[in-house]
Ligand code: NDP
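Listed next as structure tokens is one chain, alone, in the form predicted on its own.
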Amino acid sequence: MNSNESTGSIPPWNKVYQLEELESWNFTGPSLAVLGHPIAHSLSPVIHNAALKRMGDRFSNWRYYAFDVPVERLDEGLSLFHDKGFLGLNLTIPHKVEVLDLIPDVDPVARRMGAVNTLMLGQDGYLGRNTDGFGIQNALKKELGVDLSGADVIILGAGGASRATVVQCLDAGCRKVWIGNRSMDRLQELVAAVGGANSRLATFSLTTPPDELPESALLINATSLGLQLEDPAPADLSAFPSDIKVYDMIYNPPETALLSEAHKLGLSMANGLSMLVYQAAQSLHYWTDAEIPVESMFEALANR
């Protein structure tokens, strides 16, 4: 017997579900989920369910699940989740960009970021939002004591994660944002995507960082270099100002080659685990309209 064959019974959250299982989904309680492919590595069910457990009786039968959804089945899957009444969905690789053309409404900030990681149930489909910017802004404050307002920020990479970070930095009032990448064409595409030339934006090649990079800046790795243990650092930190703070958006492995180099240089540094928590907390706040016990999410990660 499947765990959800009895209407109203709560399926176990700590497993990975397939889209086929959604077709016979009978749980009538409030449901949330993260969709990705692959998804078994996701920590989202751990932190969301830990928070819901701490949020009192009103949320005692809310659950958050993980579904493995191949990109070619995302459109089909969104219809099924909507039919089943899932109140909210998180999206991770490879769905955050693909979904933009599949939902009826996208928040303007998410549209500028070029990605959606949070869906909210609507009458005719899902509303797309992006909480990654909120996540990194609050993570930087917690881990490194950096307030983006008035800050000088150096961002490595010109992909989707970089675009979202640039938008957040500009909206939060950074003094200047420096974006470094190996492909200058990709850099120009990124600048155009976030609104075009701007006195607060500067670009440079990672192979030759400019001498005029600001002292006491914050450096953020928004590249994928570091996801594999054998990956090199995306840049040589010795070519940057000696008093920068380093934030790597990657959290697994917990110490990338970039952070290892930062450690050897005695720099303040942090990995992306805190960003994961804060973006999740903001998603959960959107869905529940309640105060989120963020510390319970950190505790769940520490005890997993």
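Numbers for residues come from their place in the sequence shown, where the first is 1. Since this is a predicted model, take the numbers as computed values, not measurements.
Another form exists, predicted together with the ligand; not displayed. Remarks below refer to it.
The three residues Q18, P70 and L89 each lack any heavy atom within 4.5 Å of the ligand in the predicted bound form. With the partner omitted here, the stretch from 153 to 161, 121 to 129, 170 to 178, 106 to 114 that lies within 4.5 Å of the ligand by heavy atoms in the predicted bound form is 153 to 161. With a 4.5 Å cutoff on heavy atoms, R200 does not count as touching the ligand in the predicted bound form; it lies far away. The ligand in the predicted bound form is approached by L276, whose closest heavy atom lies within 4.5 angstroms of it. When contacts are judged by a 4.5 Å heavy atom cut-off, K96 counts as touching the ligand in the predicted bound form. The ligand is not shown here, and in the predicted bound form it never comes within 4.5 Å of any heavy atom of H82.
For the residues L225, L102, L218, V194, the 4.5 Å heavy atom test against the ligand in the predicted bound form is passed only by L225. Put simply, of L35, M249, M269, A51 only one has a heavy atom within 4.5 Å of the ligand in the predicted bound form, and it is M249.
Residues of 178 to 198 that come within 4.5 Å of the ligand in the predicted bound form, judged by any heavy atom, are N181, R182, S183, R186 in sequence order.
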